[in-house]
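This document starts with one chain, in the form predicted alone, laid out as structure tokens.
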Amino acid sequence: MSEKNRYEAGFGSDAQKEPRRIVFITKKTSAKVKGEVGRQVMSYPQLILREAIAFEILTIVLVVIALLWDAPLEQLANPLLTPNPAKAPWYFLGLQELLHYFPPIVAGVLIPGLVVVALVFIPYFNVNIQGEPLWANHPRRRLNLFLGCIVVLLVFFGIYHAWTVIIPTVVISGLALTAYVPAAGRGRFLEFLGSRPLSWWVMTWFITVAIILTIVGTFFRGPGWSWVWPWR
């Protein structure tokens, strides 16, 4: 067997560096894989009792909130009197805010569809399984690719004037670029940013955009979905 295609067998192989396994089975032996058994606990009482306690605490908190504060219900629905603006539930206000900027096919179908497809397919790709920092290897090449992606996103959002998406994108990308610049005596915050992998940056950007869209749609949108200040 050539040196290039040589495979080493042994119990000390690293699954992250060499994710392939070859099992040699002879006539008198069978394949047997046994890993380390971690700490185990019983479902009862360790798990079920904790779930019951958490459920009781949540129920008590909800009952207390219901007794002290009235639900923000309006009058009976009147088909002749449509509220302006007609807002969706808070968990859909992010999508409704996107509909203010993008066409319905983009905000209601394309963007959510791409998010779902990404959540399904990304775990099947061998992307940074060691969790190394974003700028650990080939920083110059990664910087060029990162800047290219950011410019494409900002141009796309700028065409539709989606400022509520542009601002968090600029902030998150600015923090990532700050972590790229080497500085002597960097504080803990910069060291923390410098140790974050690409998946952390992408998820932070996604969560930040979702939170800002929901907040803007809840408190800063008035009649005709125009911008209003909450204290007015």
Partner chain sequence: MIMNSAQRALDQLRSTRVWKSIFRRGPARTNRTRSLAVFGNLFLHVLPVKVRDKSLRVRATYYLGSFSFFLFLLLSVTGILLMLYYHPAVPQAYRDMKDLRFVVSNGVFLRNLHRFGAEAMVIAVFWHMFHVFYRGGYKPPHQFNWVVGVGLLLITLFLSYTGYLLPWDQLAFWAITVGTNIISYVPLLGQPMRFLLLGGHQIGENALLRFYVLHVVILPLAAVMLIAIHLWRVQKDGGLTVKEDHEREK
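As the structure is a prediction and not an experimental result, all values here were calculated from the model. If you superpose the two forms and keep the largest set of C-alpha atoms that fall within 1.5 Å, you have the rigid core. Positions refer to the first chain, counted from 1.
Separately, the form predicted in complex with the partner chain exists; it is not shown, and the next lines address it.
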Is there a non-hydrogen atom of Gly148 within 4.5 angstroms of a non-hydrogen atom of the partner chain in the model of the complex?
no
Is Gly131 part of the interface with the partner chain in the model of the complex - any heavy atom within 4.5 Å?
yes
Given that the partner chain is not shown alongside this chain, does Pro72 nevertheless sit within 4.5 Å of it in the model of the complex, heavy atom to heavy atom?
yes
Non-hydrogen atom contact Pro45 with the partner chain in the model of the complex at 4.5 angstroms:
yes
Looking at the partner chain in the model of the complex, do all three of Ile167, Val181 and Trp231 come within 4.5 Å of it through at least one heavy atom?
no
Go through Leu154, Leu99, Ile111, Leu143 and name the one with a heavy atom inside 4.5 Å of the partner chain in the model of the complex.
Leu99
Residues from 38 to 62 in contact with the partner chain (non-hydrogen atom within 4.5 Å) in the model of the complex
Arg39, Gln40, Val41, Met42, Ser43, Tyr44, Pro45, Gln46, Leu47, Ile48, Arg50, Glu51, Ala54, Phe55, Leu58, Thr59, Leu62
At a 2 Å cut-off on C-alpha positions, does Val64 qualify as shifted between this form and the one not shown after fitting the rigid core?
no
Take the rigid core as the frame of reference and indicate whether the C-alpha of Leu175 shifts by 2 Å or more between this form and the one not shown.
no
Cα displacement of Leu47 between this form and the one not shown reaching 2 Å, rigid core superposed
yes
